[in-house]
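We begin with a single chain expressed as structure tokens, specifically the form predicted on its own.
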Amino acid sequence: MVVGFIVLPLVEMVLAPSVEDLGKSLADSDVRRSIWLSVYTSGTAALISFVFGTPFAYLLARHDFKGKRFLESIVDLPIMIPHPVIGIAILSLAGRQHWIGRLAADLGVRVMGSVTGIIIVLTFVGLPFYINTVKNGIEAIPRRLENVSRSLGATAFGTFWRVTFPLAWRSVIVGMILCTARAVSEFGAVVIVAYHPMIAPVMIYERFTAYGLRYSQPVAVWLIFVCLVLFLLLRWLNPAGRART
């Protein structure tokens, strides 16, 4: 029942467009551009999460301090907040009324209606998935391995780079894929911050409201294929799954 509940609507949508419609959709430069923009901005969000989220995940995994649970709750907030609210919150900071918005404008950084704005939104919604995945992966590594490294004279950074990261790399990749997959599916916050340039979910929405199912379904099918590839990678790289095999 559970599998049917998930699969039936997706199968119906995938089979609804004809091969000709799918071909025409893929031949449309606007469709290809929107799908590529979705993948590019989502991948960039994952890279940003990797750079800034990895040390933060290590901090949460290896250190206990006052307010840690509260900090972890803050990290999870983007998962629970309605996403149009996220878009409004980001625009509030990026507007001329806020000093951050004025500073960004002075530096020539435009958030509203830009690729930069899309990346900011996608990083916001995808970062918790990366941090939580990497944190769990690091927690699974025995501390004694790091302690042995430190006892032999290695620095904290050297221990992380030579011991912890090589053991946690699969969790890092899984976290990046999860972050990318979550970012690819984002719509509510993006449509407020940057309706144009169009990512794939926004284009699907526009074509559905303007032309109906027939013109929106082919784009949705191609986006499903992209998400399917991401999650196949996720399952292949899942440390637990590989260990069982």
Partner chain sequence: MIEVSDLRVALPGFVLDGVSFQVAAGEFFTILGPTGAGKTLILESIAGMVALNGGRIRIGGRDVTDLPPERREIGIVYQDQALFPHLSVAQNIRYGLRYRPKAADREARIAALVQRLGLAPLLERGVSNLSGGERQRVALARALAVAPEIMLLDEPLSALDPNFREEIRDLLKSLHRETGITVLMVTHDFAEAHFLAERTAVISSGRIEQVGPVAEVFNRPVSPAVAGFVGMKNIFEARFDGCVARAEALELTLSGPADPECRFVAVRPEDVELFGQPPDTGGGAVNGFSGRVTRIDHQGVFCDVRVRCNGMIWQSILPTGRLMAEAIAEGVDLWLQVPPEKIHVM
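Quantities reported herein were computed from a predicted structural model and do not represent experimental measurements. Positions refer to the first chain, counted from 1.
There is another form of this protein, the form predicted in complex with the partner chain, and it is not shown here; the text below is about that form.
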Since only the chain is shown here, I'm wondering whether G153 would be in contact with the partner chain in the model of the complex (any heavy atom pair within 4.5 Å). yes
With a 4.5 Å heavy atom cut-off, would you call N136 a contact of the partner chain in the model of the complex? no
Can you tell me whether P82 touches the partner chain? I mean in the model of the complex, with a 4.5 angstroms heavy atom cut-off. no
Taking the partner chain as it sits in the model of the complex, is N147 in contact with it (heavy atom to heavy atom, 4.5 Å or less)? yes
Counting only non-hydrogen atoms, the one stretch of 88-96, 156-164, 112-120, 71-79 within 4.5 angstroms of the partner chain in the model of the complex is 156-164
Residues within 4.5 Å of the partner chain in the model of the complex, restricted to 52-88 and counted by heavy atom: none
